[in-house]
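Consider the single chain below, provided in structure tokens and representing the form predicted alone.
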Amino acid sequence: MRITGNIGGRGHIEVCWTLVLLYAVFVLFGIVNIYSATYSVDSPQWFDLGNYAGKQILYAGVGVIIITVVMLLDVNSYEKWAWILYVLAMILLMGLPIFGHEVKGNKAWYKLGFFSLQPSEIAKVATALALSAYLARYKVSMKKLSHLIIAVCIIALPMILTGIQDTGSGMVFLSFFIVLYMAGASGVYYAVGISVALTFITDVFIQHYQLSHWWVFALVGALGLVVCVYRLFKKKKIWGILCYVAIVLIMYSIIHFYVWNGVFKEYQRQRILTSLKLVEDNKGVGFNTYQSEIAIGSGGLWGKGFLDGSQTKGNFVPEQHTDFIFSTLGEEWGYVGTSLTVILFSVFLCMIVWLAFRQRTYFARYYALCVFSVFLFHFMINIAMTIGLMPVIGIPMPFFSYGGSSLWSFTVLLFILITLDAHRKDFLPEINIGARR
């Protein structure tokens, strides 16, 4: 990272107050909804640490301290210490099977007195910094396969270590692959990835309806043959198409004969079948989603009002203060409230992209894209879970869902970006605006 003589100087600070304001709105509105989702007439106080809203207020207060520390640190330290933080995060993840505290079958937390620390949240920040630091290195290019493999390994290591204990949290790291594409990785890899995902969904239908897997081989082979004939007619090479067809069929074979029955647990298979509407299990694994859909739908246009949600007050939706906080928002604030939330968060995401493309250094730009990808993944998947478009995989809604670890990690992710942006004029330009490596 090339900088001016005013190293880490404070003379050109330009804080993006729009992002700071949106952050404050989201956190405050999240506390309001957590209070409503867990309201008890026996403990109605907002600041009672015996209820979830009181704890979230405490976590938000600690968040202010974290913001202060993040913004006062030398702006150069984030790239400088990225790898050390990454290694520490990996050590914490590797220690979970031995020292982790088990919650609902997952050893994804360390128990620290009254507080539980989730290392996967630290790993998200560490991976964003480490990946950005690597992509920002001189002569690193995603056009080179060796460089791409290293970048993929940086993402894959925490994804695997986290996924061993918590599949949903592990899937969050998939969001970083968006950054690799923005850094110049070939779209062919993503075409293969999308094909594998579609192949997996196809296999779910095939296994559910007990159809022959040879239909997939026949269909993919026939399509590949048609494309090859067309390219030969145009006097173009067909080796790429043949390799693509081979990769898709190999991945399908792995999915069909191993992944579905060998990797996924029974409850995970049922969640996938339920989300694809192949199985109706409103009293089993589909209970949470079913109750969430009822709560959101019952809110109507304007909602039932604060503390007046019957589904929320009746505790029909499990985990409503964490993964299903959006159902409280939908029931009590209605279509207007949910739409306004989606619009504001969309503005929030657009602001992050805008910040990304006005950065002067590769590290700051790639870090901003990492932040954008993580927030986009969390927001979209969480809402998709609550309205039945995705299986329930335990992805919290940024700033809204209850939890100290998640709130702090989102806070650190965002305010490192705000700090880097505030000091962007302290750096000599490494990139031309709009250029892509």
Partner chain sequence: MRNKYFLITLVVIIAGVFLSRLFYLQVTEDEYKFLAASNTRRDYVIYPPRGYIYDRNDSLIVSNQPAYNLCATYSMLPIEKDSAGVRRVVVDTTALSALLEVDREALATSLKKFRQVILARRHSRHQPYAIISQISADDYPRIKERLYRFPGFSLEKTTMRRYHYASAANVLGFLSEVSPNARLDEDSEYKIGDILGATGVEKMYEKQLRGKLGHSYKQVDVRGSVTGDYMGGKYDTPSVAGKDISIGLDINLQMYGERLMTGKRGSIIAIEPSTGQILALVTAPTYDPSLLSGRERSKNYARLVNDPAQPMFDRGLIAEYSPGSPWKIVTGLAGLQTGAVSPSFSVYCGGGYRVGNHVMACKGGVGQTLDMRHGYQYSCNVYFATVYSRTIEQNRKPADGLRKWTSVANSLGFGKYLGTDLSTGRKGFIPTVEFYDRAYGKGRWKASTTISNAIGQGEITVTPMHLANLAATVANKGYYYRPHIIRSIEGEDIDTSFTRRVESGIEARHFDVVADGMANVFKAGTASAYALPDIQMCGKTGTVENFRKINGQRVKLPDHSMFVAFAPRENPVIAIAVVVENGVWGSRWAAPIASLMMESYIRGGYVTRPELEKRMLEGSLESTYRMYQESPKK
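Residue numbers count along the first chain shown, from 1. In this text, all values refer to a predicted model and were calculated from it rather than measured experimentally.
Just so it is clear, the following notes concern the form predicted in complex with its partner chain, a form of the same protein that is not shown.
This chain lacks the partner; the member of 83, 316, 217, 244 within 4.5 angstroms of its partner chain in the model of the complex by a non-hydrogen atom is 316. Residue-level contacts in the model of the complex: of 339, 261, 212, 77, one residue has a heavy atom within 4.5 Å of its partner chain, and it is 339. Heavy atoms within 4.5 Å of its partner chain in the model of the complex belong, among the stretches 399-407, 31-39, 51-59, 382-390, to residues of 382-390. Its partner chain is not shown here, but in the model of the complex it comes within 4.5 Å of a heavy atom of residue 185. Put simply, residue 326 is close to its partner chain in the model of the complex: some heavy atom of it is within 4.5 Å. In the model of the complex, its partner chain sits within 4.5 Å of a heavy atom belonging to residue 311.
With a 4.5 Å cutoff on heavy atoms, residue 221 does not count as touching its partner chain in the model of the complex; it lies far away. Of all the residues from 363-378, those having a non-hydrogen atom no more than 4.5 Å from its partner chain in the model of the complex are 365, 366, 369, 372, 376.
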